[in-house]
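In what follows, one protein chain appears twice in different forms, each by itself as structure tokens: structure 1 and structure 2.
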Structure 1
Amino acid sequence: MGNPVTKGRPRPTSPGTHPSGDDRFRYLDAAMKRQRYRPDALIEVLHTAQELFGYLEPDLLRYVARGLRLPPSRVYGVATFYHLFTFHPKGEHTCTVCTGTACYVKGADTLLGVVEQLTGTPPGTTTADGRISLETARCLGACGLAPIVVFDGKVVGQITPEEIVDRVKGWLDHGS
């Protein structure tokens, strides 16, 4: 926090200060300003950054570090600690299988295996063509409907292996 090197450096104040001229940095600036550039708002700012850019690349992390006057090591350390932050671009479509206890008991492993076989990508990765990301979630808190799978942000409960295959196949076939 009290890093002498970063202390005297001017922080980006005016919109569009990022050399790329990317508009999204303006929103990120506004988010940091709303938090009054407080270092304890780091996680909030990282959430905003990921919402805007999809994932956190090193340049973006450095930008956040400068904005909040934090050493880049601290920003990187915090960002990599938490599971929800990602450092690689997501695929066009995302299939998230919940692996909470209730879903586990109701066969989440089978669902995961089926999708893995179909897409050829292990959980936590994206297919080589960047089409589909396969993710797992800890628990989505809709255990009454287990097993749960999220297709591009849409939560579907009480799903069967056949249904999940149909949906993912739909993505694979579409546009090929």
Structure 2
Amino acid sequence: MGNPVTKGRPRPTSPGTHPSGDDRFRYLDAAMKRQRYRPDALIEVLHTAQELFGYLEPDLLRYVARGLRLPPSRVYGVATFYHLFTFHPKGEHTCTVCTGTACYVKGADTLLGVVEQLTGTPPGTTTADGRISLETARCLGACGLAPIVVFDGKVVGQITPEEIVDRVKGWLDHGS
């Protein structure tokens, strides 16, 4: 008689035996095992997968779905709901403009346009040279600081178009 939690549950792979030979799958397997392959650990597992791989590609989402015994549509739905999950490799720097109601009223659209014009890349994409990713967030939950922009994980509130130009030009001209 086996463990009732894992009985009959197919394991994604044995440690170190993923067909790709990529050791990151071993760590992902360990994370799912640590969560006892519980479907309600999906968000935690997706965070781990993104930390390991940098972004969530479709094959990786299917791998997680299989490991947690969830329909792939549910895994995709959860991953696409949260703006912190990404499906493409990110650039060297990331600029996330909050487009929530408060930020929109205080000029988020203008800020987004300024960055788009400077980088030549629309929201949700990365510049051709891979230096800057421009993203949007539905709401970052700090509406009192609107408009908000997140530069490489650092939140900057009440930002002006001039300040965002200085920051992005610094990335483009000097890389910092």
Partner chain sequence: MDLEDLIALAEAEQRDRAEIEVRVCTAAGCLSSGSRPVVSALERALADRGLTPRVRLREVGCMRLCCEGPLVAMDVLETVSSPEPSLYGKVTAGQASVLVDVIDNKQATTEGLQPIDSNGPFFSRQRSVVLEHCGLVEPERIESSIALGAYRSLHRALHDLNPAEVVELVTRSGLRGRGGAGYPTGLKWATVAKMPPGQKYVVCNADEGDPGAFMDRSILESDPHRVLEGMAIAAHAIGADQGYIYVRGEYPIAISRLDTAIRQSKRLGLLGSAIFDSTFNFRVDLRIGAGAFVCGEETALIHSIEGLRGTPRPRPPYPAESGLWGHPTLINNVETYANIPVILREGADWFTQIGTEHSKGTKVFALAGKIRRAGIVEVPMGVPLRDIVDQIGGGPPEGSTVKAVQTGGPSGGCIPAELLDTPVDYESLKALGSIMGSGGMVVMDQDDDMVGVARYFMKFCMDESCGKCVPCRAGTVQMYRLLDRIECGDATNDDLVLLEELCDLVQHASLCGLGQSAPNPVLSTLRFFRHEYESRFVEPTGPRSSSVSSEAR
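Please note that residue numbering is based on structure 1, beginning with 1 at the start of its sequence. Between two forms, the rigid core is defined as the largest C-alpha subset superposing within 1.5 Å. Given the structure is predicted, the values throughout are model-derived calculations rather than measurements.
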{"property": "Of structures 1 and 2, the form predicted in complex with its partner chain", "result": "1"}
{"property": "Hinge rotation between structure 1 and structure 2 - smaller rigid part turning relative to the larger, in degrees", "result": "23"}
{"property": "For L60, CA displacement between structure 1 and structure 2 after the core is overlaid, in Å", "result": "3.4"}
{"property": "After superposing on the core, C-alpha shift for R69 between structure 1 and structure 2 in angstrom", "result": "5.4"}
